[in-house]
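Next comes just one chain, in structure tokens: the form predicted on its own.
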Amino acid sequence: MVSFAAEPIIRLGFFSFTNSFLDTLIVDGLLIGLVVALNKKLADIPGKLQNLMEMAVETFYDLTESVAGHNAGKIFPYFMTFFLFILLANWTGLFPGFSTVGFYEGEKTKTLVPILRAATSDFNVTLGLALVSAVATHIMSISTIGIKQYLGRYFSLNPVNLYVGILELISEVTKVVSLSFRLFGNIFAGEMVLATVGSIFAFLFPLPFMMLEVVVGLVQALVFSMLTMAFMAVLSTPHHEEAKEVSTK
């Protein structure tokens, strides 16, 4: 049975080194290794890896530009970073040994503590990602439209606009809750399904469930990163430009 909370594998005083944190380090190492490998092999005539990454970057940048317009250059690095990190964190949890290889704890009832666990199956990680997304979005909004326009979105002497602003403030909190719980719930539920199926059927039968989790991992990475991109695009657009867009539509 998969534990709801990430299990500590090493305790150093007040700090607990959890299995999900270990996966976070692995994902970071993979991303850094990918960047280093690409930088070493950059060429005018691209190889397979460079060609693949160029196609991916061009596709996702065009997508960002279609949503964010002239702010695409600022938003794209966040969009791509969130997507790659979450995608790898989701997919590494499907590798053999994750959530199954570990050690037993407890005297009376022995409980398996896996050494590795998908980072995004830990709510602390998904909440941290959602908070980074929210903070980066508001910092970008202030730097793009200015502090006056930013505060004017939430506060006004007009009672109707003030009421709308309060609702928007509440929605900013719900965005963090929604982003974190959606990602955590889908990945954690997938781990539960795979653990249950794998404990009953050892071969072949779990394969369709693993393929489904590959798709779920991709979809959840896209959902999180694209929602972040959309939030950044909206908050980086001044109110008068939003009104023009609405009137033209």
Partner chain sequence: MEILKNFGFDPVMLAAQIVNFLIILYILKRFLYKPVLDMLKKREDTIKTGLKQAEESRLLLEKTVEEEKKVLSKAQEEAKKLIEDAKNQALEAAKEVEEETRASTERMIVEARNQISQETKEAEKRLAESASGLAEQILSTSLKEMFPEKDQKTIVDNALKRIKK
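Here the structure is a predicted model, which means the values were calculated and not measured. Positions refer to the first chain, counted from 1.
Although it is not shown, the form predicted together with its partner chain is what the next lines describe.
| query | Would Ser16, Ala43 and Leu127 all count as contacting its partner chain in the predicted complex, using a 4.5 Å heavy atom cut-off? | reply | Yes.
| said: Please determine whether Gln50 contacts its partner chain in the predicted complex, using a 4.5 Å cut-off between heavy atoms. | reply: Yes, Gln50 is a contact residue.
| Touches its partner chain in the predicted complex: Ile32 (any heavy atom, 4.5 Å) | It does: once its partner chain is placed as it appears in the predicted complex, Ile32 has a heavy atom within 4.5 Å of it.
| message | Please tell me whether any heavy atom belonging to Ile139 falls inside 4.5 Å of a heavy atom of its partner chain, as the geometry stands in the predicted complex. | response | No - in the predicted complex, heavy atoms of Ile139 and its partner chain never come within 4.5 Å of each other.
| message | Residue-level question: is Gly146 within 4.5 Å of its partner chain in the predicted complex, judged on heavy atoms? | response | Gly146: no, not in contact with its partner chain in the predicted complex.
| request: Could you tell me which one of Ile170, Leu151, Leu131, Leu162 places a heavy atom within 4.5 Å of its partner chain in the predicted complex? | output: When its partner chain is considered in the predicted complex, the option within 4.5 Å is Leu131.
| request: With its partner chain left out here, work out from 205 to 213, 63 to 71, 190 to 198, 35 to 43 which stretch has heavy atoms within 4.5 Å of it in the predicted complex. | output: It is the stretch 35 to 43.
| query | What are the residues of 158 to 193, in order along the chain, with a heavy atom within 4.5 Å of its partner chain in the predicted complex? | reply | Heavy-atom contacts to its partner chain in the predicted complex: Phe181, Phe184.
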